[in-house]
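Here you get one chain, nothing else, as structure tokens; it is the form predicted on its own.
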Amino acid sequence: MSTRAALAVASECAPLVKTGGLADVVGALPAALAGQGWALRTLLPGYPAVMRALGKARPAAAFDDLLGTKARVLAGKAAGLDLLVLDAPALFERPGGPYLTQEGRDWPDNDRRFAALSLAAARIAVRGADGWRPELLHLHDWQAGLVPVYLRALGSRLPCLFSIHNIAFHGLTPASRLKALALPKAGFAIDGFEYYGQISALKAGLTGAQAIATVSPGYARELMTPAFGMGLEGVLQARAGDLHGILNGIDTEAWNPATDPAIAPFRGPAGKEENRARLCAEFGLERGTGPLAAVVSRLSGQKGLDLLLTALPGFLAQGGRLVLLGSGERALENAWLAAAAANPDRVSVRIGYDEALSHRIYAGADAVLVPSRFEPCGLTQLYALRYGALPVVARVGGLADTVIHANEAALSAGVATGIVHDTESVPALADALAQLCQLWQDKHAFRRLQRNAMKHPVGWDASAPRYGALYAALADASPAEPP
């Protein structure tokens, strides 16, 4: 099989820089697609963490004027990834996160920062970097959405695949920024990147790419409805034939309970007992007479964790215990800290994120709760399945695509892997938690569910060939670019 070249463009990539599942997918796709004959390079912003990880690198391209700043592209490897890094200190060499200041506010120049990333990607695609050029570009979320606009401005017809990881984030900026971002006025139109009088980087990707992918079949269907399309359902309905719902996977080597160095390794449900005891000790929880549930999540309205707060007293009354790891909206952080203070032996909360700790939580928890209002795919429930922590999830997006509800039929057939409940409903969530407690009391039945969960496929084996075929179809349909 001959190897073909593609360029991924993203604002984050695990394990180098991560705020959510986008990073995990961007980090996992190169290895998944290597088996499909595609060599994927990933273009990332030169955040301090990325620059440190890159180490020894070679100059691959230089820009005297990239939206008003000097920049260069460095080529190198880090964490097993083949990287191109946009070294633009004026845009990316700063404290805080990829998108937010240390005070938790959006960087005021985010539009320029990620427009520069998109423009650099287009120039690399057209002019090359270190003698290398891709056959197509895979663009991830709004931060890479302007790439098709810049490509066309440069006269290129290279194909683009645009992936929606979360349509809630549009990358909006005022129309007055057209000139500063070097965007053509002609593109500021209803069939271009105009969105209610503003520039939408997300819409630019949706209208400019040859194909659109999203991270689960369920989310692809939901996106074409007003309830989930976030104002862009009409755009997606018009492009329904170009929209592909391809389920995310996880790196089953990095997430392997039999070899995970962060935990007491185990191969079956019985091996979770030591990890459960360790987790209770680490979080200062009593063992309880019910299941130990966990939440590993951003704390936001999307994730439904306000609903869980309302249902929490009933769960605790049934002997349940809960650990939470996450950060996000200040009001939710404070509400969960208050719940832990009111129930010190039964609820424990850690604000922030710690990768090794997340592994210990999945290994020790009996269940993982994901009551999201919407969820494009979700990786949390996939990690939970892999580690035998039963997912209790809302019936939405990729959660519904990946968890088999423990109803009577599924239990009788021996295929159930978790509990699925209606979304945005405290009574439905409370019923799901009650079912979890009931199932937990029958240790034999609960172990059977855990074994089902651990056997459930959560890797890239099914999805990688779909991506590989889509890449090939796009590249083969595109006219040859001049050298």
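Residue indices: 1-based, along the sequence shown. Note that the structure is a prediction, hence the values are computed from the model and not measured.
This protein has a second form, the form predicted together with adenosine-5'-diphosphate, left out of what is shown; the following refers to that one.
Looking at residue 18, you'd find a heavy atom of it within 4.5 angstroms of adenosine-5'-diphosphate in the predicted complex. Residue contact with adenosine-5'-diphosphate in the predicted complex: residue 98 places no heavy atom within 4.5 Å of it.
Although the partner is absent here, residue 163 sits far enough away that none of its heavy atoms falls within 4.5 Å of adenosine-5'-diphosphate in the predicted complex. Within this chain, residue 200 is remote from the site of adenosine-5'-diphosphate in the predicted complex, having no heavy atom within 4.5 Å. Annotation: in the predicted complex, residues 114, 177 and 194 none come within 4.5 Å of adenosine-5'-diphosphate through any heavy atom.
With adenosine-5'-diphosphate omitted here, the record of contacts in the predicted complex names 302-310 of 179-187, 228-236, 302-310, 404-412, defined by a heavy atom within 4.5 Å. Note on the partner interface in the predicted complex: the residue among 353, 132, 266, 107 having a heavy atom within 4.5 angstroms of adenosine-5'-diphosphate is 353. This chain lacks the partner; the member of 388, 371, 378, 145 within 4.5 angstroms of adenosine-5'-diphosphate in the predicted complex by a non-hydrogen atom is 378. Residues of 281-304 lying near adenosine-5'-diphosphate in the predicted complex, listed in sequence order, are 296, 297, 298, 302, 303, the criterion being any heavy atom within 4.5 Å.
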